[in-house]
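Shown below, as structure tokens, is a lone chain in the form predicted alone; questions about how it binds or moves come after it.
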Amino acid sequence: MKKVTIGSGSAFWGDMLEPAVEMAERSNVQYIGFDHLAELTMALLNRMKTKDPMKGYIPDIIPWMEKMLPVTKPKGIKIITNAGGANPIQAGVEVKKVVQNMNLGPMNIGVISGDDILPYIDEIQAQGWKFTNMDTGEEDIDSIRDKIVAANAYIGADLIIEELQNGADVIIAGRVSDNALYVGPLMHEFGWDFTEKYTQKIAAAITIGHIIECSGCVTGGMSNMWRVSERPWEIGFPIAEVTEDGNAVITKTPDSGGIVNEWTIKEHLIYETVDPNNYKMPDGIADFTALTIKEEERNRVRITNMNGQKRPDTLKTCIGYRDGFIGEGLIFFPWPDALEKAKWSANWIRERFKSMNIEFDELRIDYIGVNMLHGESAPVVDKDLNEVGLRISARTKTWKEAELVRRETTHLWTMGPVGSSFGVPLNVRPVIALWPTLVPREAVKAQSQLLEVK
């Protein structure tokens, strides 16, 4: 039975590079997927592109390709990444330069673009489509239309498959879904298509992609298995050995640190999952409740009985829009009476804001070391702690108000209780909020091209 071996080389912009290089060097993977995008990343990349039309892709792609390609090219390992971000065409051009400068040709680079619907969002709306906010239920985008800075649809594996068929060695995409990086090569290798005959197989590919897409998060990172993870500082990234019947074994780079067991798999199955019965992706809908998970041996877990439904008629779209500014400050207080000092200072800053008539859309005051992560659900026990931090953050409509929040907080350095200490003042930063919605699949004008390096 035919088997395809595919690995995950990145979970986000800024992930570790060494485990991906080690995977390419030590394992027999045929494909490595690199996910670099989170929901807000596209808005940030679009801002970069607005300032400089030659930017807007993940800048890591250049040094990463310089490290990866000398290993993957001789071994015939194909790379698929969404590091193209808001400017996949320019990212393709930059990677072509890397290939030429390092004399790694001949090589084919597939570039996938067109997930950006902002240029014709008004056209879609004029045809009667409403961009309902899936979080709040607000019916359409009229209230934020003049604040929108990005609108990117999550496209699927269609064009990844097409570019692999065209002979691409590297594929650079924009906002494809995270697991499309893995669904595409599996569909290509096994000859699956989007007809009903392969619905269950594609659902299996989505499940497998979801399990491995966040790199070290399924091999001991971000896990309850942190106590038993071996040499986590040398963590290995995950590898899926997939057979054409739609079953898989999840493992990791040979001789690497970390751990893969049934619990790391289960943990990641529910990560970023709202309804495990209906995990809706552009390529299909997976059911995470029916599969069977069985440890075969150490760091080898078999996944079987995966199923789901056909792909939906709509695509998730993240609209990013300007939503004010954040002003923030941090103050730290020492023993004795650290918590009492922090409470006194919290009252001081509230009264100061009140006297200045600063208007907030949102104001948070947290005690670091006490309730900053758990918020109101954390009991504030008045212990004689060694130290307590005070975090003041506010979202405002204007930069000027946010700057006042930042500046007034710094006064606690000298106006606060004895021993108050202040770190480096934080800059005011703009807020990009998300409007999650749906768009008709046929409204997205995705396209691809092949760049050849002789």
Partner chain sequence: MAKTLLKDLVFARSGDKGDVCNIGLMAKTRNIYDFLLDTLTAESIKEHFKGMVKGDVIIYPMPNINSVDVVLNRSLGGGATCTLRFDQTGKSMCSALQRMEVDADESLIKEAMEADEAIMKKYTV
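Computed from a prediction, not measured in an experiment: that's the story for all the values here. Residue numbers count along the first chain shown, from 1.
Not on display, but discussed next: the form predicted together with the partner chain.
A.B. asks: Answer yes or no: in the model of the complex, does the partner chain come within 4.5 Å of a heavy atom in every one of 39, 372 and 393?
C.D. replies: Yes, all three are in contact.
A.B. asks: Given the stretches 123 to 131, 284 to 292, 183 to 191, 91 to 99, which is the single one in contact with the partner chain in the model of the complex, using a heavy atom cutoff of 4.5 Å?
C.D. replies: Result for this chain: 284 to 292.
A.B. asks: Even though the partner chain is not shown here, does residue 433 get within 4.5 Å of it in the model of the complex, heavy atoms only?
C.D. replies: Taking the distances in the model of the complex, the answer for residue 433 is yes, it comes within 4.5 Å of the partner chain.
A.B. asks: My question is simply whether residue 272 lines the interface with the partner chain in the model of the complex - judged by any non-hydrogen atom within 4.5 Å.
C.D. replies: Yes - in the model of the complex, heavy atoms of residue 272 and the partner chain come within 4.5 Å of each other.
A.B. asks: Wondering, does residue 379 line up within 4.5 Å of the partner chain in the model of the complex on heavy atoms?
C.D. replies: Residue 379: yes, in contact with the partner chain in the model of the complex.
A.B. asks: Taking the partner chain as it sits in the model of the complex, is residue 243 near enough to touch it, meaning that at least one heavy atom pair lies within 4.5 angstroms?
C.D. replies: Contact check for residue 243: no, nothing within 4.5 Å of the partner chain in the model of the complex.
A.B. asks: Name the single residue among 201, 311, 341, 268 that comes within 4.5 Å of the partner chain in the model of the complex, judging by heavy atoms.
C.D. replies: In short, 268.
A.B. asks: Just to confirm, with a 4.5 Å cut-off on non-hydrogen atoms, which of 26, 400, 67, 429 contacts the partner chain in the model of the complex?
C.D. replies: Result of the distance check: 429.
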